[in-house]
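Only one chain comes next, encoded as structure tokens, the form predicted on its own.
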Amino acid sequence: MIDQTKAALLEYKAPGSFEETRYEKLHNVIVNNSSDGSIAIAHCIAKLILAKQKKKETCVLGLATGSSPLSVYRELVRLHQEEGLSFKNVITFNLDEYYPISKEDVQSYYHFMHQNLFNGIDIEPENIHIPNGEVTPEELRASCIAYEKKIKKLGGIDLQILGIGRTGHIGFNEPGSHLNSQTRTITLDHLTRFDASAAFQGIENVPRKAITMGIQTILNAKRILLMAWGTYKAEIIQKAIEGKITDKIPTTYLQYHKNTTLILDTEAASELTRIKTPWLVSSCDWNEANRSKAIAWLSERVNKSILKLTDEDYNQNGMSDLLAQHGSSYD
């Protein structure tokens, strides 16, 4: 039923296992496009559900919303409707919800999840958990604590699915979120609200607050898969994978987790050192395109015109093999 090749694609390997990934602190898999990545993630989820079914165990999933996981959910619905994958043993916890917002609001994550996943599968309604955006301010803290306790009572999340925002947020853990944070309310960053403004027909209609699982809640998951598609995620992905751990980019906290994989399409991976400047990490295929790109990069890096570049410039910037092929910087 389940394509084992697709599921195996996302099996964890420790970062830094190969020379070309030495700049990287998070394991990642690069796929041709978001469709391939989404199908691989869906099959990874299905493989876990089936494994749990064989043991007669529940499968606890942490789920994300937004545009990134839409194709994942479509494939899960297809697996249920066309291949008989059952979700009877699945319990879900969503990462976040806007606050305040009603369940009937088409922009609520409650509506999103039912529209795009739950209505198309056989999950038991009582096994669906989404932060309640309708509670009163007086009830809000108790509601967050109860959400956290439900997750812990079930032994934690088996597999957490994540997207990433342009601020580097996971869930709605915006820059400044603490490593030990748990489920709570948070004020949304302006950039996050701006990115959601089209769906809400204007930024003035986007809620200023949200309820989110905390960083620690996410890191307690046994397995984490984060997906990112498109060039507009490339810069933050590079910082998350290659940068130091900082609360300014909450995704970097995933470097503390020992079983995390990022699934990237070629565009989202385009700023990674091994993709953008491959000559810095391993031997390079010095075709005309790479040669032109590398020499222009070197000229900018050392602030010299191309004709003034020296042998030393090439040798000190990972391009000694190009120099060896041609004999001198002049050549």
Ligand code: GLP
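Fair warning: this is a prediction, and the values are worked out from it, not measured in the lab. Counting begins at 1, following the sequence as shown.
Below, we turn to the form predicted in complex with the named molecule, even though it does not appear here.
Asks: At 4.5 Å between heavy atoms, is Pro131 in contact with the named molecule in the predicted complex?
Replies: No, Pro131 stays farther than 4.5 Å from the named molecule in the predicted complex.
Asks: Would Gly214 count as a contact of the named molecule in the predicted complex, using a 4.5 angstroms cut-off between non-hydrogen atoms?
Replies: Flag for Gly214 set to no.
Asks: Evaluate Phe194 for contact with the named molecule in the predicted complex, applying a 4.5 angstroms cut-off between non-hydrogen atoms, and reply yes or no.
Replies: Close contact is absent here: in the predicted complex, Phe194 is far from the named molecule, nothing within 4.5 Å, heavy atoms only.
Asks: Although the named molecule is absent from this view, report whether Thr65 comes within 4.5 Å of it in the predicted complex, heavy atoms only.
Replies: Contact with the named molecule, yes.
Asks: Quick check for you: of 242 to 250, 92 to 100, 198 to 206, 78 to 86, which stretch puts a non-hydrogen atom within 4.5 Å of the named molecule in the predicted complex?
Replies: Checking each option against the 4.5 Å cut-off leaves 92 to 100.
Asks: Which one, Tyr147, Phe172, Tyr110, Phe118, lies within 4.5 Å of the named molecule in the predicted complex by heavy atoms?
Replies: The option sitting close enough to the partner is Phe172.
Asks: If you look in the predicted complex, which residues in 142 to 170 sit within 4.5 Å of the named molecule (heavy atoms)?
Replies: Heavy-atom contacts to the named molecule in the predicted complex: Gly163, Ile164, Gly165, His169.
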